Ligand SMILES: Cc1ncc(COP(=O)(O)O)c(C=O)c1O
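Okay, so here's just one chain, in structure tokens, the form predicted alone.
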Amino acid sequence: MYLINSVQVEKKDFIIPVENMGVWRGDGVFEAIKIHDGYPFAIDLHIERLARSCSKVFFENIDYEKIKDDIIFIANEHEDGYVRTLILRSEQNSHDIFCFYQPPISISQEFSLQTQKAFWQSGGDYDLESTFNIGTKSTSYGMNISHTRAAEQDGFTDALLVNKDEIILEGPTFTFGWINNNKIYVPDLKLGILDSITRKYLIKFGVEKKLTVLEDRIKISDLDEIDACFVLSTAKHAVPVFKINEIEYSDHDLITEIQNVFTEQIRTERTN
């Protein structure tokens, strides 16, 4: 199912001109929402983040309620998979909105990560309040994906991005978390990482005392001292990581517990 500016089109007509600034310069923003039995999980939080991203890159006059309706329309037609929404600048002062269904993706059951320095990320060097576009969910993912490709060539599932001081930031398309002494940790947002929706939920579970969740920082040199680690994203609700560089990890009961809490949260939201 494909929509351009809320108009349904055939796949053959779902075309973005090369002159579009989203193609030419990566001048756009996007969101991806997972479908659970026709329900787009966390849609309101995704729409809120989409609006923040649009503000950061100066998109104006966008009807977010209409976008929400489009996402729900597509999600209601499918049991699982994802709804992806892209807002791309077509000309200097105009934009187009592309909304489409993506089938489920397969996720490696032997998830491994290779640490790589991410020179283009703020990495905590800039204050979030004074740098207006940190945390934008931009379509400019070229650097991120090149790190994924480099990790794949070395036999890893994906990359794990670090700053110049070797502090762990996030993955190219996911949040990183780790477990130590039966506590769950995620990097803090002051590092300039994306305000991930699944990360936000994980912290919410901590506030609600469903899990013990803390924000902290960890370096590459600390990785051999943690008990376990995992990745979080729209497609990955706590997927265990079995290897980072040459350090291997066992699965952990807390990762299963995180997965179960997400499952219950989705069930609760669907029935409300």
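This structure is a prediction, so every number in the text was calculated from the model and none was measured. Residue indices: 1-based, along the sequence shown.
What comes next is about the form predicted together with the ligand, which does not appear here.
Taking the partner from elsewhere, every residue among T175, I197 and L232 has a non-hydrogen atom within 4.5 angstroms of the ligand in the predicted bound form. Annotated contact segment (heavy atom within 4.5 Å of the ligand in the predicted bound form): 188-196, selected among 109-117, 88-96, 74-82, 188-196. Within this chain, N144 lines the site of the ligand in the predicted bound form, having a heavy atom no more than 4.5 Å away.
Proximity of D158 to the ligand in the predicted bound form: non-hydrogen atoms within 4.5 Å are absent; the residue sits far from the partner. Contact between K243 and the ligand in the predicted bound form is not found at the 4.5 Å heavy atom cutoff. Although the partner is absent here, K210 sits far enough away that none of its heavy atoms falls within 4.5 Å of the ligand in the predicted bound form. Interface residue among K68, K56, R217, R49, judged by heavy atoms within 4.5 Å of the ligand in the predicted bound form: R49.
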